[in-house]
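Taking the form predicted on its own, here's one chain by itself in structure tokens.
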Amino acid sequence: MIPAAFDYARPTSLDEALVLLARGAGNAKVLAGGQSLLPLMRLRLASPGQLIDIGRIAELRTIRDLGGGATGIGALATYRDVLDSELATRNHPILATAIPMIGDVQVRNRGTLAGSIAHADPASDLPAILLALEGTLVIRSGNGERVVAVEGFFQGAFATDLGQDEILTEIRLPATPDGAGMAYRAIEQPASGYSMVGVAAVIGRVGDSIGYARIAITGAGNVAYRAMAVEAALLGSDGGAAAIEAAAAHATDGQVVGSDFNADAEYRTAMAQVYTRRAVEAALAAID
């Protein structure tokens, strides 16, 4: 199948792209890496009237030092760019271990982190990772700029807080506590590589106890989420096997766990607990 007919524009600046997007009146789509949008168009699950190709706007393809261990990742930075960035992988080691698990070489060479976030696939790995890192998003429109937390940005399957006249221009990752360990563990659907369940963990110790815990889960429901009950159970514990097992039992508390042809809700619930335990163990091992 081929896509429905569409107009094509290739702006040379962000301001020009925002003007074109505003003129599109909700019938235009922004094209960056194209790894999510183009397959949908080929299946005619998406039929925008215009594609606005921002792929050559140099100001958006940046990975910059925000100071103090924080990193800014521009909208056009690909997975490969991030893997090759000593700054990003030093400040946030989870990126170096998680990104090779995402897609295949072609997807990582072309796909962008910002595109994945804006697409909001319920099985995408990146939303959980950015939630655990407590990232923020810089969003621009013709009316100005706003900065929002990743937490709360996802509103449902393929639904976000991004307006029709807005472009996600940068992902900002704050510094994590000194000495924190971080890890991502996932069980993937073998054919597609998408995660049936994926868990990101950022853990820090204060003395012999866990004093910092950020756990985020993707694939279990229709949106990635912070597993706050797991975090609460971990805080103040010794981080031993029994404490981790007890905390992981809360992985899907308050969530409506999804069921589809890949895995039913019971299986996803069980795997959320298993992979939460594995991610926390790996994050603690990174400290030790």
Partner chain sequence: MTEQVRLTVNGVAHEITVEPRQLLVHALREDLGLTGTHVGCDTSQCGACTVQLNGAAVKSCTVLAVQVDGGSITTIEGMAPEGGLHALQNAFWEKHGLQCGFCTPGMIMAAADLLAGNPDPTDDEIRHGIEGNLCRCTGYQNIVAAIREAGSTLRAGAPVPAGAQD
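What you are looking at is a predicted structure, and each value in this text was computed from that prediction instead of being measured. Residue numbers count along the first chain shown, from 1.
The same protein also exists as the form predicted in complex with the partner chain; that form is not shown, yet it is the one meant from here on.
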{"query": "Stretch from 30 to 38, 247 to 255, 64 to 72, 233 to 241 whose residues place a heavy atom within 4.5 Å of the partner chain in the predicted complex", "finding": "30 to 38"}
{"query": "The unique member of Arg185, Arg108, Arg172, Arg140 whose heavy atoms fall within 4.5 Å of the partner chain in the predicted complex", "finding": "Arg108"}
{"query": "Exercise: Arg80 in contact with the partner chain in the predicted complex, heavy atom 4.5 Å", "finding": "yes"}
{"query": "Asp104, heavy atom within 4.5 angstroms of the partner chain in the predicted complex", "finding": "yes"}
{"query": "The partner chain contact at Pro100 in the predicted complex, heavy atom, 4.5 Å", "finding": "yes"}
{"query": "Contact label in the predicted complex: Leu60 to the partner chain, heavy atom within 4.5 Å", "finding": "no"}
{"query": "Sequence-ordered list of residues in 4 to 31 near the partner chain in the predicted complex, where near means a heavy atom within 4.5 Å", "finding": "Ala4, Ala5, Phe6, Asp7, Tyr8, Arg10, Leu31"}
